[in-house]
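Take a look at this single chain, the form predicted on its own, given in structure tokens.
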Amino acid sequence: MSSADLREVEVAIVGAGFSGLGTGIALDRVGLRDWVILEDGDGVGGTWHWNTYPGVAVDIPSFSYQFSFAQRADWSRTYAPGRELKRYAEDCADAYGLRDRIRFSTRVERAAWSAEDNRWILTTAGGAVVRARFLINGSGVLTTPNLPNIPGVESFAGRTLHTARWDHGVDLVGQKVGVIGTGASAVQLVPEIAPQVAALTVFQRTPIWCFPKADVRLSGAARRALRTSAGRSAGRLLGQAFVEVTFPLAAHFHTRFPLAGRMESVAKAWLSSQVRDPETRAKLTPAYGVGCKRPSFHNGYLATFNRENVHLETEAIDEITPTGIRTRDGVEHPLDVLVLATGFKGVESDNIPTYDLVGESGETLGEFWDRNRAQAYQGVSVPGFPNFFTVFGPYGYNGASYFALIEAQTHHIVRCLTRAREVGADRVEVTAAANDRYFAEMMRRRPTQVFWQDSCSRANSYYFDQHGDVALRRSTTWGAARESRTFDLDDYQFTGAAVGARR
């Protein structure tokens, strides 16, 4: 479906990743079928559509990285490779009949509130306009590639690749390759390309805590078990329990369950067993505690630094030149290919959402957050931006499976839209009092989180925004799901001519 046939709709959803797909499914389930998904790319899957670099895979068990209502039995491994998540997205779009309401290659650049008729006016990069009663942002947070702020980054004369926009036409065999970054993407990429290249230099600013990964190929017996409801339930329960212990409990309830120290001992033992050279081992050891930034799980990353053709460079980068990288000590590192494994923009005012969102006062959402700090009621809605909801807002995500977040947030949104339909409201807005109360509660809870230990100041973590806040929800996954189903709908104002007529 092309952008040329855009029309007025009840609900516009931005993004055809799992957030957008999950929203469409949730709306259909309650009979709200007049919606459209506007997607920048030419396919569904979001992260799993854009990220195709060698080694890309999930970093939590596949059994919990899926919708609870669409569990599959054919994962090849306990941690599925990226191509299987892409296929899963395609299958969800087909199985739930979503494709005919997705407009691909349609990038939303601006959305502005029209108080005259209580609608959002969306403008696309191609100049098309769509009017929508409600706007739901499903563009995610790990969406916009983050380019390093390094002098000369555009002057490199060789090939430059970003992990989020990998060019499979570039042959790395026999090349001198430099990788900037040691986050989750680099941890997966480096072991994959090291055997192919002539020389690989990894430029590390901040090391990452890396743990062994229980990543195994699923046997035929395991797949047969997953075809049964009992097998799927058991796999999901085990996967969820592992994720809950290793992040939500460890990170958000650090002072009550001091698991980070024990996890650090495990990580150090794993590092010691994998890296032979003590100097390299020391460089790969973080100076911050576990939990300050998201740790990684990989069985081959650390051992890659034992290879003769792999060099770990910890000297700061001074500039990128046409022929390579010059570090602060004056050393030139000649390169044929430069790989930017620098991740994505995080919780920044120009990234959530990925387009200008202009509210009732004429202020953009980014400006609101710059002025007031990033905040959203249960991570879903913001006062001053009526009829707008987001699946991935500040203080919505607790660090567990994105799918758990999507299901909780869409349930919250559907409750609001269902009430609006019941009372005939054409305007729905969270009250400032409810938003303030929720934000204050998030601030009250945060002293128990791991992020506030002193060593986190050395982590260079994308968790911390420009205000020094960590906009993660201090909650268990079960607690977040429960709150999405039990919050008081009176925290929203439902208004419109029909509402007054029914009173």
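Residue positions are given as counts along the sequence shown, with the first one as 1. Only a predicted model underlies this, so the values are computations on that prediction, with no experimental measurement involved.
The following text describes the form predicted together with a small molecule, which does not appear among the structures shown.
Colleague: Is there a non-hydrogen atom of H412 within 4.5 angstroms of a non-hydrogen atom of the small molecule in the model of the complex?
Modeller: Outside the cut-off, so no.
Colleague: Could you tell me if Q188 has a non-hydrogen atom within 4.5 Å of the small molecule in the model of the complex?
Modeller: Yes.
Colleague: Report whether the minimum heavy atom distance between T342 and the small molecule in the model of the complex is within 4.5 Å.
Modeller: Close contact exists here: in the model of the complex, T342 approaches the small molecule to within 4.5 Å, heavy atoms only.
Colleague: Is T106 close enough to the small molecule in the model of the complex to count, meaning some heavy atom within 4.5 Å?
Modeller: T106: no contact with the small molecule in the model of the complex.
Colleague: Check, residue by residue, if F257, R445 and R474 all come within 4.5 Å of the small molecule in the model of the complex, counting heavy atoms only.
Modeller: No: none of F257, R445 and R474 comes within 4.5 Å of the small molecule in the model of the complex.
Colleague: Check each of Y438, Y53, W50, F63 and return the one that places a heavy atom within 4.5 angstroms of the small molecule in the model of the complex.
Modeller: Going through each option in turn, the one that passes is Y53.
Colleague: Within 4.5 Å, heavy atoms only, which of I150, A303, A267, I193 is in contact with the small molecule in the model of the complex?
Modeller: Exactly one residue meets the criterion: I150.
Colleague: Which among 425-433, 87-95, 180-188, 273-281 is in contact with the small molecule in the model of the complex, heavy atoms within 4.5 angstroms?
Modeller: Careful reading of the contacts points to 180-188.
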